[in-house]
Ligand code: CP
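In the form predicted alone, a lone chain appears below as structure tokens.
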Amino acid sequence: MKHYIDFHEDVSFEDLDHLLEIAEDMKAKTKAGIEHHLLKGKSLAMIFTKSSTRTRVSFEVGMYQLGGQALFLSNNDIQIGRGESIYDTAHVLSGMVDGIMIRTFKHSDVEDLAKYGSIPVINGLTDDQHPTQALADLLTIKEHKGGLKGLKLAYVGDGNNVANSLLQACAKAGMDVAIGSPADYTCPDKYVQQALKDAAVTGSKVLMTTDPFEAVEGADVVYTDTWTSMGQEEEKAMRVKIFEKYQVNSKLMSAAHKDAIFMHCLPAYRGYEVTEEVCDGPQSVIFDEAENRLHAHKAILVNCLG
């Protein structure tokens, strides 16, 4: 892969299998204390215009464990935050580092970095997509369920960047995927059509519904995310009312398979999109999921920069 920006466009069916294999190998080596300096001498510029815990730590530690170096660049640290163009930034960084990971608002900024630069660009999150999270999610599901194909993932709540990338990733992995969201807050049709296209190849099913119980029925994985993403804070009170019936609680979990796992990309707001009973209960794998960001991101780094 040259870039890792859009799960549908950049990750082929073969790439997905390969990435998961690398991630599993990276995790095994990390747990065994075996050095794997596959990116020795390589450097990664990490641009953050959105705050982060898991994305920053996983990519920074990942580059260190791979023998490389990561440079944290907030919009207060570089000239892009003071009006320098993406065009100039892409050219400058292309002459100094081996890759760019960016976590930002506008998806087009990531695409422009790849367009104007000459080095790999990794999408650490935009308002439209979160493809690095999706790979960690698939790795987590595979670990807990023994495979992916034929399973069902139900996402309940805001049809946001995480939901968009899960649509893409699950369909490509051969998983059934159901999105339960209010009509005005569901995933854009673009991502639904992409999922349907890949589902036609893998034999999986895609369901879009406004009924959270219909979405969760028979699910092997129940997934949710915050109702109020960064930049939407002023809408919080309104969103709480709109999404109230989409809370993942014990009643909703009972519609899934008895051995279903609960997932959340974090940070989780207990009492809102999920109850404490579910989030911290025996079906929850949220901290395994968070840890797997490290190993999945290392797989992406090796694939793009190696």
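So that there is no doubt, residue numbering starts at 1 and follows the sequence shown. Since the model is a prediction, treat every value here as computed from it, not as a measurement.
Only in words, not in the display: the form predicted together with ligand CP, which the text now covers.
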Please tell me which of 239, 54, 42, 27 lies within 4.5 Å of ligand CP in the predicted complex, judged by heavy atoms. 54
Which pick from 133, 204, 181, 89 sits with a heavy atom within 4.5 Å of ligand CP in the predicted complex? 133
Even though the partner isn't displayed, in the predicted complex is residue 107 close enough to ligand CP, meaning a heavy atom within 4.5 Å? no
Flag residue 265 as yes or no: does it have a non-hydrogen atom within 4.5 angstroms of any non-hydrogen atom of ligand CP in the predicted complex? yes
Please check if residue 298 has a heavy atom lying within 4.5 Å of any heavy atom of ligand CP in the predicted complex. no
Wondering, does residue 142 line up within 4.5 Å of ligand CP in the predicted complex on heavy atoms? no
Choose from 240 to 248, 45 to 53, 28 to 36, 275 to 283 the stretch whose residues reach within 4.5 Å of ligand CP in the predicted complex, heavy atoms counted. 45 to 53
Hey, which residues along 270 to 306 are within 4.5 angstroms of ligand CP in the predicted complex, non-hydrogen atoms only? 293
